[in-house]
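Take a look at this single chain in structure tokens; it is the form predicted alone.
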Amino acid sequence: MTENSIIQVLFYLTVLLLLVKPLGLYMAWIYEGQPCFVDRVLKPIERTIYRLCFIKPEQEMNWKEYSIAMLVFSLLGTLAVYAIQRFQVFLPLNSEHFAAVPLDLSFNTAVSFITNTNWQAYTGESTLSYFTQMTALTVQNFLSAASGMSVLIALIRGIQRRETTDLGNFWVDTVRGIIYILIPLAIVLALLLVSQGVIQNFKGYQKAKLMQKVEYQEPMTDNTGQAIKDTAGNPITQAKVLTEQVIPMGPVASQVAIKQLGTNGGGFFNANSAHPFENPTPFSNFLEMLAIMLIPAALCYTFGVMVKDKSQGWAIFLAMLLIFLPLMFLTLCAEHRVNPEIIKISDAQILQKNGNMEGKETRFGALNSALWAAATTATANGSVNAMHDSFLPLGGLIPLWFINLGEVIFGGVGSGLYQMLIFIIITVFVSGLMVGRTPEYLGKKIESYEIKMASFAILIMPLVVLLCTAVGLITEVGKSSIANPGAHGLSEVLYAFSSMTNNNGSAFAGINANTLFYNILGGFAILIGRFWIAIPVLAIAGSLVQKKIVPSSAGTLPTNTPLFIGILISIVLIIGALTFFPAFALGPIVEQLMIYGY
């Protein structure tokens, strides 16, 4: 890596670190209901929402009521997003007259956006109207992010409070997360992005004449849209000449801002954050990368403030950072190398200077593309500014491993930290058994019920990922979508189901995911990955909140020391490695070896 590369990475991490404490403190004030500087403007809006929605802010919920409220909220969101897609042909702001989205794709997209996954098996600019993009997808970017943050806050209250069943009010936590945190930050970021050239309009698609004609062969189709083939089974094509280009427009900046801040991912355009209308400049790229990690990182400090022990929040942040940094640098180093096969036919000196530029934008380069890949997979964001399918096998392995660590290395807003707290519970229990100390976390005894729920939350993800991947690789309907045979094809299928189950949403590409098989099976994987983890988390919160605070003693294992941080990191990495290493060995690892002739 060059000095310039190192300086850019250090600057990015420094700015992120400087913002963790002030934003984390502000979010703690919001969720604790403490007065702050925005109350005069936003408090009346909050009260109005409560009156209109018949919410009783003083009425708290136990864990079962909190879970039901979350599930009902998500169900209503799913139905709304599904209905808007199916009826978009009759709805306004459809300048290109897009038809209704097919049933299976509508289902997949609906569950994807209400779970904060934003897996997109469609091309946004040729499938969805402005109305659908705004009212279905952008709205859910706010709602799903706030919902995940609410589950985290309930778990924090379960740790913080004692001898009660009250975990707060889901509706209040969600409303406050939206109007006090997500909307203000999204407005600021959207304005900054517009200043850089990210578009925000309702114009119809524009046409521009090409300076040079493009000739290509287009497959012929019959009246049903099926390809016409010759007697040998090969598609029959016809010559076409392209003289103009259609340039999509739309309200892009508003969606891009919240997709990054809420770790939703996805994009207004199919090219995602590689598209110049979503991410036009190096500064917009920096802002979006910063937004991806901002709230997940700051929530660690929020946790410390709310449990009245800031060192606990910093310990979690440090554990996440110590896993993130070496894996990030492995990705950067991998993409600073060039495929040996390309070097054979090109100028090696120039290529080595620029790194692996296949599938990357020249305005960002290999460094910022690799850094984005690490950030987006560590945080369950899923947006991309380069095609992961074009990374070298090792460069693609690390983002894949980030996802399969359970999205706990910062992770999604709320969901990342509550899944890391599950690992902390496991670590406390294991450490207590190893040294004969009482398994306690912040004064709460960790007993069999918490371990059972934590084990369920940890094991359900790899079970679903590996099972779905196996089905995709052994069935004809699954294999028919794979564009690249061999080890790379395995990586594509594994990445797809890892991304969907872990609510990440990024894709390796090279695989046709818009099929009945991937839409339906992937949709159920998305739902399981979100709710079969969130509900055990709330069950743990409901158990912990009823317990007494046990005073610390000589037998209590401190959870804010370097030793505990090291054990926590080891458990996260060991579980992630042991679970997925055989699959990695058959995919990206063997592919990397094949490149060098082994």
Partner chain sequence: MKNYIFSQFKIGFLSLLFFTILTGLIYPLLMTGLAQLLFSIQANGSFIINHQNTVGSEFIGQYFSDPKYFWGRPSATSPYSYNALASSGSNLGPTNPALISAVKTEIEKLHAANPDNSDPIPIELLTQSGSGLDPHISYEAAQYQASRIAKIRNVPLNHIKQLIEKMIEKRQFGFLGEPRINVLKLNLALDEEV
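Numbering follows the first chain given and starts at 1. C-alpha atoms forming the largest set that superposes within 1.5 Å between two forms make up the rigid core. All values derive from a computational prediction rather than experimental measurement.
Beyond what is shown, the protein has a form predicted in complex with its partner chain; the following relates to that form.
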Heavy atom within 4.5 Å of its partner chain in the predicted bound form - residue from K445, K479, R363, R162: R363
Since exactly one of H97, K229, K203, K308 fits, which has a heavy atom within 4.5 Å of its partner chain in the predicted bound form? K203
Interface stretch in the predicted bound form with its partner chain - options 529-537, 63-71, 32-40, 549-557, non-hydrogen atom within 4.5 Å: 63-71
Can you work out whether its partner chain is within 4.5 angstroms of a heavy atom in all three of L19, Y122 and L299 in the predicted bound form? no
Although its partner chain is absent from this view, report whether F286 comes within 4.5 Å of it in the predicted bound form, heavy atoms only. yes
Give a yes/no on whether Y216 approaches its partner chain to within 4.5 Å in the predicted bound form, heavy atoms considered. yes
Give a yes/no on whether I571 approaches its partner chain to within 4.5 Å in the predicted bound form, heavy atoms considered. no
Taking any heavy atom pair closer than or equal to 4.5 Å as contact, tell me whether E440 reaches its partner chain in the predicted bound form. no
Enumerate the residues of 451-485 that have a non-hydrogen atom within 4.5 Å of its partner chain in the predicted bound form, in sequence order, or give none. A483, N484, P485
Does V241 shift between the shown form and the other one by 2 angstroms or more at the C-alpha, the core having been superposed? yes
